[in-house]
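Take a look at this one chain, the form predicted alone, written out in structure tokens.
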């Protein structure tokens, strides 16, 4: 089939148009990516897109400067050297009064870089407007309310009372019929209920004795199971003064646990973050929904911070009283750094997957901990002695000989075992690893004062 020149021209035009479009789209994507990266590297510590912080919001800031009467190009000079811009432009001078914090200078940013940043900022949707839209949608008449399930316990109580009354009535009728029948044949009275029961029990003494034995054993077992539950605090979830959704901080925002619990590698305790650590982020982030803003306002109150305008500290602080979740007996010693640094345990082994936990914190049940990928599967209830010693029996110090850890402490133990207990060392290595238990992890004094 022969292709005409007009068809060839039309196909060539389509290819050119497609190529130009692809280049334009790629260029736009690159510019957006560049603006995003530059904003996070240069601006995000003081500025937000749609909300005032240490510095004013940057959404449509070029329009704001133009409408305010700023000189042409003054905003670019401001970013490079704000002092020079303030000296040459009256509008730039008024911007210096916004906050007590001085604007940083970025002489390395070219006009194209600044435009890329501001183009990216102007392309960002307003999260507050999205949150309001979501709240309106939630409040719409079409939303189906979830009705709370009512308790049916009272139904079972009434049925139990009716059942007991029926049994009593039937028993009374039976006794009256039996008595009437005895009178009709001239027999003596059958006696009281107690006498009847004794007669029946003696007649069926074999089954009564067996049933009594089973009941006694069941009571003893139930009593011991009740004693074993003392001190088991799985699912313990106390209320807290401020709600802290770990799923948002550790999950969505991927904040490392050690950023807030910064003593976990150096101390016996993991440490509760001070309000100053919270303010590192929440000085800029005050929430998108009324619920979030309510909780973050408590942080501001504790820090003595007023977020309006550029924000300022009043010096009037209020301590946050957190409720302890993982409580060990006074005679138990536990060192976080020993387990995290030396033992190499991940936080999720004991605390669960915090990237998915909405609650502030709770004691996870062992069944839930065992579902987490990478966790050592254990059977004893969380925070019990059996849980600890079972973990010490399963967790390895090293796979193979312990000198592979390249640690002076373990290298010395390796030498002593080879010199004084080579056969014992061989038994340790039969399963391909040396466990905490094999090196004294079950000694009472390791964990108890």
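Definition used throughout: the rigid core is the maximal C-alpha set that superposes within 1.5 Å between two forms. Residue numbers count along the first chain shown, from 1. Bear in mind that the values here come from a model prediction, so they are computed numbers and not experimental data.
This next part talks about the form predicted in complex with heme C, which is not shown.
The closest heavy atom approach of residue 107 to heme C in the predicted bound form falls outside 4.5 Å.
Although the partner is absent from this view, residue 85 stays clear of heme C in the predicted bound form, with no non-hydrogen atom inside 4.5 angstroms. Heavy atoms of residue 77 never reach within 4.5 Å of heme C in the predicted bound form, leaving it off the interface. Heavy atoms of residue 127 never reach within 4.5 Å of heme C in the predicted bound form, leaving it off the interface. Here is the short version: of 354, 306, 372, 208, the single residue with a heavy atom within 4.5 Å of heme C in the predicted bound form is 354.
Note that among 200-208, 337-345, 306-314, 159-167, the stretch whose heavy atoms approach heme C to within 4.5 Å in the predicted bound form is 337-345. Each of 248, 269 and 325 is positioned with at least one heavy atom within 4.5 Å of heme C in the predicted bound form.
Interface residues of 350-365, taken as those with a heavy atom within 4.5 Å of heme C in the predicted bound form (partner not displayed): 350, 351, 354, 358, 360, 361, in sequence order.
Residue 389: CA moves less than 2 Å between this form and the one not shown after rigid-core fitting. Positional change of residue 291 between this form and the one not shown stays under 2 Å at the C-alpha, relative to the superposed core. Relative to the superposed core, residue 305 undergoes a Cα shift smaller than 2 Å between this form and the one not shown.
Relative to this form, the distance between the C-alpha atoms of residue 285 and residue 116 is increased by at least 3 angstroms in the predicted bound form. Between residue 57 and residue 260, the C-alpha separation grows by 3 Å or more in the predicted bound form, relative to the conformation displayed.
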